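A single chain comes next, written as structure tokens; it is the form predicted alone.
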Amino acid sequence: MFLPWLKIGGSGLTAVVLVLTASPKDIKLFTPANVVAITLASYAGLELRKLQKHYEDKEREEDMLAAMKDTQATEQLQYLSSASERKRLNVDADKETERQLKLLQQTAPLFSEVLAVTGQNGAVSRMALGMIQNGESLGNVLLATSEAEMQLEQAKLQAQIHHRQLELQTQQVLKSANTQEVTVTNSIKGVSDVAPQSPKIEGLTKAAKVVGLQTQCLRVDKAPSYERLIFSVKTEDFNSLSKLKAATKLSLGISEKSDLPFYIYAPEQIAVEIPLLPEDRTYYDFPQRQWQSGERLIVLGQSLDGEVVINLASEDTPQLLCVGTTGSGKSNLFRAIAYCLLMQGARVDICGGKVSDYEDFAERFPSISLNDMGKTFEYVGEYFLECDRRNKMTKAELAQESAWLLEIDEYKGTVPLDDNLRKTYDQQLCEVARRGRGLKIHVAIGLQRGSKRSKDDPQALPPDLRDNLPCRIAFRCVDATSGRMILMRRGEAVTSLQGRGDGIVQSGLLDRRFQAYRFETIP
């Protein structure tokens, strides 16, 4: 680049010298000198213009290179970020796969023993394997399989004792193949007297005879909405139990869509829960009760074992998830839950569902808030901030705080349709359910039916929220899918429930069928 500048400088300097040295008196030299000076000046100007264009082109090229470098750097950064994210996802997927493999390795021996007893189509094995496939936690799976393991061990211990008895009984049955004796004993306290000619007992006896099993009715327990028949069954082929269940449903006239609760009650004993007719059922009004301020008890109803009460302060029942179709008793239960907490000094906020169901609460409990579905998002945000505030408290300070309960009935109607709002709603509600259990903040969510969150159903219950609602209550449902989604065990039993408060509550070791108290008026 030095030569062009030298040419420009030399031409310009020569032109200046010629102009200054040329004398106007010397006409012969003055005119040619000025012409040459003008020519040299023009040449210098043209070269300077070329040099300017060269520098502009070079600057433009440098700008383009810099822009390309910036673009490449951005693309490379995005690529590295994407690669890092993919690597993280792959690592998480590998960890999840490894965790699932460990879970399967831990539960495989137990499953093999269950399969040995129940066969490949055993109800227990299908239940446990189905729980793993549905993503249930290890605690729930082990809890369900531990019951099967206990029954298995009891059956093994009793097998040797009763083996000889089985042989003797088989010989007697072969001698009197045309007769079938059914007896009913009431030696156990709390057993109802049922005549041997009871149609239900006769139906199950005939079904057992068709399958080829020998049965004997040991006792009949009468619950508010069903009768539990305890039968003795001695067989080495447990696959025949599923056949017995199918034959019993056919004998009793139970449709295929409805389930018949049929389970192992004790070694060599099965229990069958047969629904009562509507006129034979027993209903209970919500009882008068002495409440203690600061407690968090919820009275559900009556069962075969007495009154069913859950405590929100317990680790097993801090948050509630309830499912039930119209007329099943879900709204009635939510009224009772609100009443129980209000009587113990808690703050209760009602969102979703029919606000008119709580009109009588406003006069008795002015502190209760009744809101339509549109305000649920605001209350979830308030409960989320309250969790943050209480999380910074000491145990002594937290003990002075009152309990909070957020009731969300008809959950699907409260979920925002906007993607960003729905994501915030899910995250905050899940955090309230997860952290609130130790901060005296509780959530009760009601559904018409259970379904998984998907693109086709974006307002369904997300899995993270479901996992943080450990206390499950199920009333009558149209199909067994809802029961399997909500209950941890025996989900298909929801189709056998009779409605009007006939429900099942499960949480941890708790698994009980109950008749909910009627809550038509405030006690």
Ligand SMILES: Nc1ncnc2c1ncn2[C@@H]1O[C@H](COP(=O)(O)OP(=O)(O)OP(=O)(O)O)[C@@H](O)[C@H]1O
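Residues carry their position along the shown sequence, with the first being 1. Just so you know, these numbers come straight off a predicted model, no measurement behind them.
Beyond the structure shown, there is the form predicted together with this ligand, which is absent from this document and is the topic of what follows.
At least one heavy atom of Arg500 is located within 4.5 Å of this ligand in the model of the complex.
Remark: Gly327 counts among the residues lining this ligand in the model of the complex, judged by a heavy atom distance of 4.5 Å or less. Taking the partner from the other structure, this ligand in the model of the complex has no heavy atom within 4.5 Å of any heavy atom of Thr215. Within this chain, Tyr283 lines the site of this ligand in the model of the complex, having a heavy atom no more than 4.5 Å away. Proximity to this ligand in the model of the complex, taken as heavy atoms within 4.5 Å, picks out 319-327 from the listed stretches 291-299, 342-350, 253-261, 319-327. Out of the listed residues Gln448, Thr235, Ser314, Ser198, Gln448 is the one that sits within 4.5 Å of this ligand in the model of the complex by at least one heavy atom. For the options Thr248, Asn332, Thr376, Ser225, the one in contact with this ligand in the model of the complex, meaning a heavy atom within 4.5 Å, is Asn332.
In the model of the complex, Arg500, Gly501, Gln515, Ala516, Tyr517, Arg518, Glu520 are the residues of 486-523 with at least one heavy atom within 4.5 Å of this ligand, listed from first to last.
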